[in-house]
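Just one chain is shown here, as structure tokens, and it is the form predicted alone.
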Amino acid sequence: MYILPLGLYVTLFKDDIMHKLSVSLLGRDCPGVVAVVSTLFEKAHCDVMQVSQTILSGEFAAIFIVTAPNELAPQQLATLLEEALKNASMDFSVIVRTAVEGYWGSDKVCQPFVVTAHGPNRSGLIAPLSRIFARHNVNIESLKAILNEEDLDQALFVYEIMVPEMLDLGRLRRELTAEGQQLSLRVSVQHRDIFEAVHRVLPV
């Protein structure tokens, strides 16, 4: 069991002023990772505000947004997490930094869209479409690459993007479609609400 140094406990109780930190973890997946991290947060008086976790090909990745006592510096929290994970025989990379206020697009009027690209699997399929998004100042919020288990030569890419409202959506569609044809990919662009309605699983 990992115990915080007594001196840090004393420091943490000096006042209630908090600041927001971003905690990123990457390492080999195994049971108990979230338990170790959340226990450390509790001991360090950090409240979890948001968390996103995923496992990909045996690798665990997570981002926690926490509020922490002002006296707890990002590097202090990183050191505490690294030691707690090491004591639990878990090999993880930890990055802690001051969380940014707001998010991309918070000062813009944007619409959420889902772009799917399906076709023969080969290297170099992600970069061309991503360059189109970057050129139009479209932010990729999520990207998934899915291989067909029955046919590994086929791949599906799902982009969740935020499109500025002033952007010419028709032009974006045409460029994505044209690029997809060059790559032998079938490209679809749908508003997220429509995409979710179409793909919603209804109870039997």
Partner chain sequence: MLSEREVISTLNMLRNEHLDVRTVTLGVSLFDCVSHDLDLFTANIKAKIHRYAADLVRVCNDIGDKYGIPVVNKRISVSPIAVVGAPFDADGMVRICKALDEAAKEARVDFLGGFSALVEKGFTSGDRALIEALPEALASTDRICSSINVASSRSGINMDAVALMGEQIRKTAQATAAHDGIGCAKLVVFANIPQDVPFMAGAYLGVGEPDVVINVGVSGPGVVKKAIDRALSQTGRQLTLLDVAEVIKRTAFKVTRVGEMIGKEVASRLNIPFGVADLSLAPTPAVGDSVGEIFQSMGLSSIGAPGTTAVLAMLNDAVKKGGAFASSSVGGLSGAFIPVSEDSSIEAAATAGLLSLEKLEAMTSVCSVGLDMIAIPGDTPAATISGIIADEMAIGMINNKTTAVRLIPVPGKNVGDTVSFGGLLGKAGIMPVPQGDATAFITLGGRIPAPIHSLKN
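Residue numbers count along the first chain shown, from 1. A quick note: this is a predicted structure, and the numbers were derived from the prediction, not measured.
Although not depicted, the form predicted together with the partner chain is the subject of the following passage.
Visitor: Could you tell me which one of L125, C110, V114, V94 places a heavy atom within 4.5 Å of the partner chain in the predicted bound form?
Guide: Going through each option in turn, the one that passes is V114.
Visitor: N70, T177, S142, T39: which sits within 4.5 Å of the partner chain in the predicted bound form by any heavy atom?
Guide: Contact residue from the list: S142.
Visitor: Between the partner chain and I55, K86 and A88, in the predicted bound form, does every residue show a non-hydrogen atom at 4.5 Å or closer?
Guide: Not a single listed residue reaches the partner chain in the predicted bound form, so no.
Visitor: Mind telling me which stretch in 129-137, 94-102, 116-124, 71-79 gets its heavy atoms within 4.5 Å of the partner chain in the predicted bound form?
Guide: Heavy-atom contact with the partner occurs in 116-124.
Visitor: Is L167 part of the interface with the partner chain in the predicted bound form - any heavy atom within 4.5 Å?
Guide: L167 lies outside the contact set for the partner chain.
Visitor: Can any non-hydrogen atom of L156 be found within 4.5 angstroms of the partner chain in the predicted bound form?
Guide: Yes, L156 lies within 4.5 Å of the partner chain in the predicted bound form.
Visitor: State yes or no: in the predicted bound form, is some non-hydrogen atom of R171 no more than 4.5 angstroms from a non-hydrogen atom of the partner chain?
Guide: It does not: once the partner chain is placed as it appears in the predicted bound form, R171 has no heavy atom within 4.5 Å of it.
Visitor: So in the predicted bound form, does any heavy atom of S188 sit within 4.5 Å of the partner chain?
Guide: Looking in the predicted bound form, residue contacts with the partner chain include S188, since a heavy atom lies within 4.5 Å.
Visitor: Enumerate the residues of 182-198 that have a non-hydrogen atom within 4.5 Å of the partner chain in the predicted bound form, in sequence order, or give none.
Guide: Heavy-atom contacts to the partner chain in the predicted bound form: R186, V187, S188, V189, Q190, H191, R192, D193, I194, F195, E196, A197, V198.
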